[in-house]
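One chain follows as C-alpha cells, the form predicted on its own.
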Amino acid sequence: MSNQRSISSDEDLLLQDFSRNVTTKSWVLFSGNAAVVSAIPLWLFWRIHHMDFSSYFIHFIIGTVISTYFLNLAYQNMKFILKHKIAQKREDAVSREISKIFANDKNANKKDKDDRILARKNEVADFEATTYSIFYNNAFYLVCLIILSFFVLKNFSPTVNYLFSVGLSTAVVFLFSTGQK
C-alpha cells in the first residue's frame, strides 16, 4: 500500500511540473507586477496626454483591470513555455552542484541524489522562468504602449488613444505569449 502511495505521489509531482498551474507565490508575484505595469499608462495619459483623471476614471479602471488580467495570463504562458527549456539548459550545472554536495556522503544512494537533482533543477528553472517572463512581457508591453500612444495613435482623441493603445498592447503581448517557440 505504501508503494502505491509513493508512486502516486511521484506521479503527482511529475504532473505538477508539467502543468500550466502556477504556485500561489508566483500568482501573487505575477498579479502584483501586472497591476503595477498596467497602472503606468494612467500616469502617461494623465500627465503627458492631459486626460483629466476624474473625468476618465471609468475608462482608466476598465483599461487597467483588463490589462492586468491579460498580462497575468501572458506571464503564466511565458513561464510555462520557458520553464522546461531552462531546465534542460541548467541540468548539467545543477548535477555538478548536487554531485559536489553528495561527494563526501557515502550513505547517499543514487535515487536520493537523482531526486535532489530533479528538485533543484525544477526550482532553478521555475525561478528563472518567472523572472524572465516578467521582464520580457513588461518590456514588450511598455514598448508597444509607447509606440502606439505616441506614434501610431497620436492624432486620435486621448480617450481613443488610451483605450486602443492599452488594449492593443495587451492583446499583442498576450498573443505573443501563447506561441510555442
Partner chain sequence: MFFKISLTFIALISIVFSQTDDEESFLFVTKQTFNRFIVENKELTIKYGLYNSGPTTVFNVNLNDMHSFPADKFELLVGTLNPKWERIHAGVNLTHVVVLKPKQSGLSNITYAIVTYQKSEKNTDVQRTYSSEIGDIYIMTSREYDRRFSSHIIDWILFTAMASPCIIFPFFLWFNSKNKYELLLTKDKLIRKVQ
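What you see is a predicted model, and the numbers here were worked out from it, not measured in a lab. Positions refer to the first chain, counted from 1.
Not on display, but discussed next: the form predicted in complex with its partner chain.
When contacts are judged by a 4.5 Å heavy atom cut-off, residue 65 does not count as touching its partner chain in the predicted bound form. Among heavy atoms of residue 90, some come within 4.5 Å of its partner chain in the predicted bound form. Proximity of residue 158 to its partner chain in the predicted bound form: non-hydrogen atoms within 4.5 Å are present. In the predicted bound form, residue 26 stays away from its partner chain, with no heavy atom inside 4.5 Å. Taken together, the three residues 80, 115 and 119 lack any non-hydrogen atom within 4.5 angstroms of its partner chain in the predicted bound form.
Contacts with its partner chain in the predicted bound form, taken as any heavy atom within 4.5 Å, map within 81 to 100 to 90, 92, 93, 94, 96, 97, 100.
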